[in-house]
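What follows is one chain in structure tokens, specifically the form predicted alone.
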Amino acid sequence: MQAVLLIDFGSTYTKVTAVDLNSESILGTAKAFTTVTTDINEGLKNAVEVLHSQIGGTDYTAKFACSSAAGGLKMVAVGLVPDLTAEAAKRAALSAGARVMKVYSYELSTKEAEEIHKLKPDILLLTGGTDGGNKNVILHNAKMLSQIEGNFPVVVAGNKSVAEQVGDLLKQSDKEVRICENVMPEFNVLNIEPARAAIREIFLRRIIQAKGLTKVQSLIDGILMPTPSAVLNAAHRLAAGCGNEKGIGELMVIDVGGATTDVHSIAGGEPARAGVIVKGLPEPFAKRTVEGDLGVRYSASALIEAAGIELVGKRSGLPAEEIMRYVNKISEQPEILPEQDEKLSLVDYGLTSVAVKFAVERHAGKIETSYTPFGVTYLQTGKDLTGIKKIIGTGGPVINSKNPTGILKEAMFESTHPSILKPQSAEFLIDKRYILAAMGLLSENYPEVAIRIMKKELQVL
């Protein structure tokens, strides 16, 4: 046996997965409460003890970890135009596994600078201007950021003509600065990989230390990435394959949590029919979106506000008063689980169903009809996901539900909203043992093994 231990330091639970590389199988999984506020080793030790009570003591060849503990990686993005460099900055941050707290455009005002100070980002991504384009806005914003107290690192990925000047302005306030290639060197051309790599390097080196995770550094071979990045990594490998191991094709992963709902699509997203014109920025093949108002515990009240209590009532079958009573209870005790409470189970089903519906609607592309002097034209913004054939559900509210199929059906195309390009005919799979983040970690060193394990472990509904 050649065992590897994969660890996910989550905000609530530390989850461990033991894998045998020789048999290409999962030996066991376990979890325990994360103890980042005291000694994070305690939570890890407790989870490993539970694991070893199932599979026996094991010597591990390697131990790898990802983390979203202590709020994960919190970022603010600043760009020039909302639909261009600011959007490019947001996509770079999301692809790095960050939680984007806010995106700012044009020249930062004093009020916005104060807001950034209060947000206390772990990293700020500063963009603006194509190469050789507008210089004034990014220089203005660098001056404003240099006046903000706080030692957050700044990744500069804007107009290369003034990148060094921007860096010098920021360094005057003793901020750590990383200059990398422009996220949008030319109009409508995305180049987010250098910024993503810089964010990840800072996360590994500095953020882990700031969040008290250095205590586990001596026990493991490395914290490789933020947890959302690990899930995206797993989804990408599973879809595209690696080496001699073929992927299963274009897919979508929906991860519902207590605070957010993440949607990952691994697909080209080109128009499915002829005569459609694509507008806006080009879409990345591996795309992640995060909906901070669509979680089913910490964000339950925001979810009700966004979706409307009538829809949650329709899905759960409960009256509005009953739903609100439980939402208030959830807000006070986000750790509570349905267990023997059937009504809470129904409320969870209603909230999770609506979270999936809205998160996928926001993630999927849209098509609109435009009437021109030459006739009707169809314009597509975002990805056309109508051809996706696999939808994978993960996250506690989905995998512990009595009706995960009903929840995942909310991701499907609706004839009443034909302009939203959601999947039209897809097979549902479930990550019952919650292994996607672990497989994202494993695939860093053993990609073909990770793909084969996912093919075996993900259950068809």
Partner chain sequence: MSQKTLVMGVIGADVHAIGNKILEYAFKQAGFKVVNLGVMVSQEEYIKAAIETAADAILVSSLYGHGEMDCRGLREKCDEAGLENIPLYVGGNLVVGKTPFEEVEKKFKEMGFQRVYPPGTPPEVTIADLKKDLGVDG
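This one's a predicted model, so the numbers in the text were calculated from it and none came from an experiment. Residue numbers count along the first chain shown, from 1. Heads up, when I say rigid core I mean the largest set of C-alphas that superpose within 1.5 Å between the two forms.
The form predicted in complex with the partner chain exists for this protein as well; it is not shown, and the discussion that follows is about that form.
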Answer among 74-82, 250-258, 197-205, 228-236 for heavy atoms within 4.5 Å of the partner chain in the predicted bound form: the stretch 74-82
Heavy atom within 4.5 Å of the partner chain in the predicted bound form, from candidates 189, 277, 320, 337, belongs to 277
From 301, 110, 151, 370: within 4.5 Å of the partner chain in the predicted bound form by heavy atoms is 370
So in the predicted bound form, is the partner chain close enough to residue 173 to count as touching (4.5 Å, heavy atoms)?
no
Heavy atom of residue 130 within 4.5 Å of the partner chain in the predicted bound form: yes
Evaluate residue 379 for contact with the partner chain in the predicted bound form, applying a 4.5 angstroms cut-off between non-hydrogen atoms, and reply yes or no. yes
| said: When the contact criterion is heavy atoms within 4.5 Å, does residue 161 count as touching the partner chain in the predicted bound form? | reply: no
Q. Residue 244: CA shift of at least 2 Å between the shown form and the other one after core fit?
A. no
